[in-house]
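Below you will find one chain, with nothing else, as structure tokens; this is the form predicted alone, and questions on how it binds or moves follow later.
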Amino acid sequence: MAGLVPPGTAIPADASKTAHTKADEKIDYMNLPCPIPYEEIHREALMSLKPETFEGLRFDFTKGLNQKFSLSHSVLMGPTELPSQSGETIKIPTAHYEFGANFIDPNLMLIGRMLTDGRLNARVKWDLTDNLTVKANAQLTNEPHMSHCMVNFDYKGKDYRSQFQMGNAALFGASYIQSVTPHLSLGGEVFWAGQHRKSGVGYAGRYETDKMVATGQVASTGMVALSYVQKVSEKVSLATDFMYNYMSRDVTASVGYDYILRQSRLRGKIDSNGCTAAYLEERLNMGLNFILSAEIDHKKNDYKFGFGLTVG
């Protein structure tokens, strides 16, 4: 075959590069990446489509006592929504003060919050080993049957994650997610709510590259959730999701954005119900952030505007 090539003819370099590229693209199924937890498969979409909007005035101050321990103080003044049988939104003016204590260590995180209305919130994250993590969330309140606690055991394998959850009222759940290819991961979950005598099963898939993230989730409770995030650049992301419940026939679709500037971050979304939300975080100085929040729902005639300041 070499004699068929005329003397002086150069073999194109692209041909050898193409051969090497195809060889490099061969998937090593014994060395797949570890996926994210099952409960966080929609996290990129939630960052854009579910900003933490609030109404009224918010002030947060955090004081570090040493490298691991800090105290926080928060004040929130704004209306509280009450459930109503009619379509109108009922709001009453309220004000809350929250005191918090934080202990953050490479292997242990303890967070506690106490509110003036008597509620106590606590969070624990403890890395028992490099692969096993225990998480716990609890809320204690004066209202009967409103206190709850949830414990989560998260095991991180080489190319899979498994979780087991248990909470009060005989609530149990388990989930598993496995990397199938370097970009695709599939998983499932089961749960049992003993107090309500209900059980369910769900399945999910996530496809991720450097430029996009697509997820799909379906559960026997009637929920179907689809989301897609396109990373336009390192600072700009566009997101959309579709939520459908085939039990109640409720359908909601939304689109949103996440724009990171040099000194600020802007997130917003609009959904098929006509609800529009925006959330702006502006860094005024080192350790000093200004926050603007807005949410407009023309269908319910509900308008929420808030501003806040974060120090520390």
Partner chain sequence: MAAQPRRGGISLPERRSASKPDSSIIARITSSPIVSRGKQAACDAAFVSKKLLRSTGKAAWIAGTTFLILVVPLIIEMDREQQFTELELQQASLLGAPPTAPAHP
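All figures in this text were calculated on a predicted structure; none of them were measured in a lab. Residue numbers count along the first chain shown, from 1.
Missing here is the form predicted together with its partner chain; even so, the following discussion is about that form.
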Heavy atom of each of Y259, Q263 and F305 within 4.5 Å of its partner chain in the predicted bound form | yes
Is there a heavy atom of I291 no more than 4.5 Å from a heavy atom of its partner chain in the predicted bound form?
-> no
Are any of the heavy atoms in L32 no more than 4.5 Å from a heavy atom of its partner chain in the predicted bound form?
-> no
Look up in the predicted bound form whether M243 has a non-hydrogen atom within 4.5 angstroms of its partner chain, and give yes or no.
-> no
Is E282 close enough to touch its partner chain in the predicted bound form, meaning at least one heavy atom pair within 4.5 Å?
-> yes
With the partner omitted here, the residue among K235, H148, K158, H73 that in the predicted bound form has a heavy atom within 4.5 Å of its partner chain is K235
So which of 34-42, 263-271, 62-70, 48-56 is the stretch with heavy atoms within 4.5 Å of its partner chain in the predicted bound form?
-> 263-271
Which of the residues spanning 284-298 lie within 4.5 Å of its partner chain in the predicted bound form, based on heavy atoms?
-> A294, I296, H298
